[in-house]
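In the form predicted alone, a lone chain appears below as structure tokens.
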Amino acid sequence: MYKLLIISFLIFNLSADDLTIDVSKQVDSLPSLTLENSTRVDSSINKSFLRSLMSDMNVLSIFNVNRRSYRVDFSDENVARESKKSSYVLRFKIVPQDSGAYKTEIKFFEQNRVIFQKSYTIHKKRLYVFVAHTIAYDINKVMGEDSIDWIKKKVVIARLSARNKSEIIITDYTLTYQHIMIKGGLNVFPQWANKEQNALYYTSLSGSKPTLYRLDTTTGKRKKILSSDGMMVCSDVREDGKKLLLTMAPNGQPDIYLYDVRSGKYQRLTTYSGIDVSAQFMDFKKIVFISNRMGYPNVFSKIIGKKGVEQMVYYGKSNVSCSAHNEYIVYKSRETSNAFSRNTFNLHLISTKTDFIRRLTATGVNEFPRFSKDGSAILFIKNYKNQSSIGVVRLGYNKNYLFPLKIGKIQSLDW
């Protein structure tokens, strides 16, 4: 039971700016957007790109996106007759280059007038989805919305493929692009090592001891960092990449450790006789983590270098898995307790400055939440009806989006 508990831990200013308050924007009040396709190349990239671009336009959450697209010549000065009812029109064309690259051109219309146009080039066909994400980023900027830099970032996941087997995969937030970096054995809990996303940490459970490795994603070379009896997990990397938060149990008791990347030295941050796991940086001096020191798993915070801890959550009796961004904390909480059926685990958002609690999900098992770097979105894993998906919460728009994994189950993620 003790081991199962450890595994479960791992596996106002009353204003509209407070993310713990639900934001309600009626779809009917959003401006309409229609996509126009001018592409003449092979149907596989044409259809896939259109699907990705339409998905991204929906995730922006600032348009009521028309489900139908229309064919039109890219050079036409006016939008298609069927598009004229829309407030905005996004026209695109994909053109193969002699070098083997693909050039994508777009025109963005407002009321039949071009207000933005740009071209993009990719040298590998399988990276087309990142062009769609970059276009969405640019359109969002043209519309004067807050930056969504996260939409262009890569996501790293651990995918369970069979018993005691998993793969570390680099993907995008929609799981459209997938590149397997590590396969063979049981490799879990990947974390990006830096902002550039050219290296990552992961735990290998294939040897005699759980071992933490650093993998250079450009060369494929890996370096052993630490091994420990019982447990070895990197739960977070500080923003500057110089410090890691580790969960280790060298003496059978899991505690939080702070690891210095440059010196290779580490210090123990918690000494509780129970379970302390899954720490996350709130800032350079403060962390949040999961502990059972209340008799059940809950979220606590601690200032690095000081002994005291503070309880952060007072709602729920099984609060496991959390992420932090400035004063906000998102955590997983069990909503039901039924011995004869699957239970529901939802994500909740709190602020350290108010008493408000905002529930972010409704059904299934929702876990492993991770804030975007700007705090405007949350990525998470959703397991529902034998389907594993990546979920995206747009906090300022009160909208959730799901992107299912076709094969296997997502164990953990980072972005």
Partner chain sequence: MKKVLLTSAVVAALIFTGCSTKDPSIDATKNSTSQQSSSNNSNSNSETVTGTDVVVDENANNGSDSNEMSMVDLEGEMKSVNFAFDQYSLTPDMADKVSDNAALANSKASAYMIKVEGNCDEWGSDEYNYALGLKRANSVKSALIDKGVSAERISMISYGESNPLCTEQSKECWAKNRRVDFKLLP
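What you see is a predicted model; the values in this text were computed from it and never measured. Positions refer to the first chain, counted from 1.
Omitted from view is the form predicted in complex with its partner chain, to which the following refers.
**Request:** Just one of 145 to 153, 96 to 104, 194 to 202, 160 to 168 has residues with a heavy atom within 4.5 Å of its partner chain in the predicted complex, so point it out.
**Result:** One stretch meets the cut-off, namely 160 to 168.
**Request:** Identify, from the list D216, E239, D229, E310, the residue with a heavy atom within 4.5 Å of its partner chain in the predicted complex.
**Result:** Checking each option against its partner chain in the predicted complex, the one that comes within 4.5 Å is D229.
**Asked** Of the residues T134, Q253, Q178, S87, which one places a heavy atom within 4.5 Å of its partner chain in the predicted complex?
**Response** None of the other options qualify; the answer is Q253.
**Prompt:** All three of P31, V65 and I115 touching its partner chain in the predicted complex at 4.5 Å, heavy atom to heavy atom?
**Reply:** No residue of the spot touches its partner chain in the predicted complex.
**Any non-hydrogen atom of I290 within 4.5 angstroms of its partner chain in the predicted complex** = Answer yes; at least one heavy atom of I290 falls within 4.5 Å of its partner chain in the predicted complex.
**Asked** Should E367 be counted as a contact of its partner chain in the predicted complex, where contact means heavy atoms within 4.5 Å?
**Response** Yes - in the predicted complex, heavy atoms of E367 and its partner chain come within 4.5 Å of each other.
**Asked** Looking in the predicted complex, any heavy atom of F345 within 4.5 Å of its partner chain?
**Response** Yes, F345 lies within 4.5 Å of its partner chain in the predicted complex.
**Message:** Taking its partner chain as it sits in the predicted complex, is R222 near enough to touch it, meaning that at least one heavy atom pair lies within 4.5 angstroms?
**Reply:** Outside the cut-off, so no.
**Request:** Check each residue of 314 to 331 against its partner chain in the predicted complex and list those with a heavy atom within 4.5 Å, in sequence order.
**Result:** The stretch touches the partner through V320, S321.
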